[in-house]
Each structure stands twice: as C-alpha cells, then as structure tokens.
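In structure tokens, the next block holds one chain alone, the form predicted alone.
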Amino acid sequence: MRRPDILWRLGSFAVAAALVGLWQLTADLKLVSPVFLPGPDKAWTALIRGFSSGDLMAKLLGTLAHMLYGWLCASFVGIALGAAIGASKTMRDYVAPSLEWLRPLPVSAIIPIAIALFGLTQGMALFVIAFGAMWPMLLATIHGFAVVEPRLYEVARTLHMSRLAVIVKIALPSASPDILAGMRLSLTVALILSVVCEILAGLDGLGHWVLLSARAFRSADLFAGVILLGIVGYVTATAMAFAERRLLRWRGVGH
C-alpha cells in the first residue's frame, strides 16, 4: 500500500475516533437525554446482546436477503434492458425519452401501487427494491453500450460476427466499467429500500428492529441497529469495489 493511501486511512480513522469520542462525551455529560441518545458503549453492549440472543442476527439476515434478492432482480432486468437499448440507436431514439420520464419518479410514489398490487408482503418489498435499484444499472448500461468505439463495430461487420457475438465479445466488455459502477450504486439503493419496506410492511429485518426499538424507547437497541446498517452498507460497498477492481484489472483499473 502506498504511503498516501496509508495516511489517508489513518486520517479517516482519526476522524471517526474523534466523532465517537464526542458522542461518548455528549452522552456522559447528558447534554441530550439518555432516553434519546445513549453512549456508544451502551449501543455496543446492545449490539452484542442482540447477537447473543440471536434476534439481531435473524434481522440482519432478513435485511441481507431483501437487499440481495431485489438487487439481483434489478441487475438482471437493468443490464438486459440496458444492453438492448444501448446497442440499438433506434431503441435509444424511441425508448430513451420514456425512460427519462420514468427515471425521476420517486420510489416512494411507487410504494402505494406496490402495496395495492401485492399487499404488505415480501413480493411488495421485492418489487419496490428491484424497481428503485434498477435505474442506476439501466442508465449506466445504456451509456456503456452507447459509447462503444464505432471502429469495433466496423471490425465486427468485417468479420461477419452475429449480433449476439458482437454484444458478448465487444460491447459487453467495453461497457463493463459503466455496468459495474451502476451495480455498485444500485446495491446502496437496494439497502436503503430494504429498510424502508421493512418499516412500512413490518417485514423481518433491521428496519423493523429499528422501528420497534424507537416505539419502545429502547434507544440503545435503536442505535445498535443503525450502526449495524452502517456496517452492512460499508462492507457491501467495499466488497463491490474490490470485485470491480478485480474484474477490470485487464483494463489497468486500480493500478
């Protein structure tokens, strides 16, 4: 690891430690009521207690399942549809305007429709998560396919390659940086929407844990759930960034 990277990481850890120290000092001095703001020590104790009893582990697995299933559905639809649109100028001309109309639509506006169609069920959560997480991948895939070097298509025509072969062997590798960037962003969106759906539908997950803790004024449990959600977001984003660097090593990314 290069020295600037080490210094950057040490600096980030120092800032995080300072924030935790300030949080602890605020809690110890009771500048905010302990009912609403427990110290990090109490939040950590609640986190350990939750895992020891098994309740928090079950909630964590529920949230991970909602996030991953929704993200995988969004990946399949977003990449397939994005490849079809991005690889065809005609599709881009006729379909892209409709996408620009749907893209700014808030996911919150879709939730009542999803509830009417599926009820407060796992299916509703899957639909909402997949719909919201699909857009970063869809738009990134369209852009990646649209900006493929035209000379590569000329070479493909010279070699009499089929349309499927052109997509798999030329367009897809060329668009892979955009696609992977969209997948990384959509994973974060999937986590956020998983928590929202769990809160609204009462599904088993960290969102439901946080909601019940807030209603019962169990502030330590509430902060434990929030901390765990932050850890999940950080770990999944880091894992996706690592996978992106590995998959794009052939392009010299990450060196």
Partner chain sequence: MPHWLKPLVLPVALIVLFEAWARATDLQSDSLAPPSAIGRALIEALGSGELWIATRDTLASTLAGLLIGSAIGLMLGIALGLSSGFNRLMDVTIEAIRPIPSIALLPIALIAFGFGYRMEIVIVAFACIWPMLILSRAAIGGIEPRLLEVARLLRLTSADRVRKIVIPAALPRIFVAFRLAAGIALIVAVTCEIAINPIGLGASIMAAQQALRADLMLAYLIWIGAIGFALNAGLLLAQNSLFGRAALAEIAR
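What we label the rigid core is the largest C-alpha set whose atoms superpose within 1.5 Å from one form to the other. Residue numbers count along the first chain shown, from 1. Small disclaimer: the values here were computed from a predicted structure and weren't measured.
This protein has a second form, the form predicted together with the partner chain, left out of what is shown; the following refers to that one.
- Using a 4.5 angstroms limit between non-hydrogen atoms, Leu164 is distant from the partner chain in the predicted complex.
- In the predicted complex, the partner chain sits within 4.5 Å of a heavy atom of Ile113.
- Among heavy atoms of Phe36, some come within 4.5 Å of the partner chain in the predicted complex.
- Heavy atoms of Phe51 never reach within 4.5 Å of the partner chain in the predicted complex, leaving it off the interface.
- A heavy atom within 4.5 Å of the partner chain in the predicted complex is found for one listed residue only; from Ala46, Met67, Val210, Leu56, this is Val210.
- Across the proposed site, Ala16, Pro97 and Val226 without exception bring a heavy atom within 4.5 Å of the partner chain in the predicted complex.
- The partner is not shown here, but in the predicted complex the stretch 101-124 reaches within 4.5 angstroms of the partner chain through a heavy atom at Trp101, Pro104, Leu105, Pro106, Ser108, Ala109, Ile110, Ile111, Pro112, Ile113, Ile115, Ala116, Leu117.
- In the core-superposed comparison between the shown form and the other one, the C-alpha atom of Ala16 has shifted by at least 2 angstroms.
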